[in-house]
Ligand code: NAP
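First comes one chain, alone, set out as structure tokens in the form predicted alone.
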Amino acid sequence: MLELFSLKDKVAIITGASRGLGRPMAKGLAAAGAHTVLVARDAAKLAEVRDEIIAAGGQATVLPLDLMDEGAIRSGVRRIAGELGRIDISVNNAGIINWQPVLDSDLEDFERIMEVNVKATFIMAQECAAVMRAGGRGGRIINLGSLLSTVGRARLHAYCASKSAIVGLTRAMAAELGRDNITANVIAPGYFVTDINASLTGRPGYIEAVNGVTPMERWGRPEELVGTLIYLASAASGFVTGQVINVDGGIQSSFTFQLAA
């Protein structure tokens, strides 16, 4: 039964692999047996992740590129497919966020968030899907959404729009690529403790406020995304496509609030 979750002999590409949620997810893919291709801008940080994976007995390749550069994405994916002979899993995790009041927001900021969060996801998934279809072995596309894929938040209109778009894009891919045995799904994280959201956790009372609306009354740990990722990347989820899996401690499905003693 456990072999259903094995990624042995698979090749996985993951963006945003140098930090945040991407780093433990990349290491999780490698631990499950995949040759993991690490994508981000910072080559030095990617090398650190690669070295950690290799030290643990896994396989990894570094692919530094700017996700706002369409040509770099397309040529990078094609080069990896040529060097490693296949691509089986595409994990599109990289994303950016910016807090701005809607009436003060500028179009340049909106476009930048959509460029990284949506356009780059589309280009990466498109290129990987072409390799998967040509190889005839099927594949897995796993895009990272958010709690805010379906819930609005003040001052995060561009980010909310981008993560909502990820759900629509993924479901459309699922509808079209299923005949090629390529699945497409979304993982939608809630609040996780990472270096990226240190500005939030540093606000007085913010951690407690999130705990108060989360049924599990705590923030997620980055490694708690790995199980869902491996499930969606493996044969265990062979008939699962077009789905949004919330990994959020229950926020999306529940309404909780704290009463004063």
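Here the structure is a predicted model, which is why all the values come from computation and not from measurement. Counting begins at 1, following the sequence as shown.
Keep in mind that the form predicted in complex with the named molecule is missing from the display, and what follows is about it.
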query: Whether G28, A56 and I89 all lie within 4.5 angstroms of the named molecule in the predicted complex by heavy atom; finding: no
query: Candidate stretches 81 to 89, 168 to 176, 129 to 137, 143 to 151, one within 4.5 Å of the named molecule in the predicted complex by heavy atom; finding: 143 to 151
query: Touches the named molecule in the predicted complex: L229 (any heavy atom, 4.5 Å); finding: no
query: Contact label in the predicted complex: N197 to the named molecule, heavy atom within 4.5 Å; finding: yes
query: Any non-hydrogen atom of G242 within 4.5 angstroms of the named molecule in the predicted complex; finding: no
query: Partner proximity in the predicted complex: D66 to the named molecule, non-hydrogen atom cutoff 4.5 Å; finding: yes
query: Option touching the named molecule, based on a heavy atom within 4.5 Å in the predicted complex, out of C160, V77, A125, V116; finding: V116
query: Interface residues of 86 to 123 toward the named molecule, as seen in the predicted complex [heavy atoms, 4.5 Å]; finding: N93, A94, G95, I96, V116
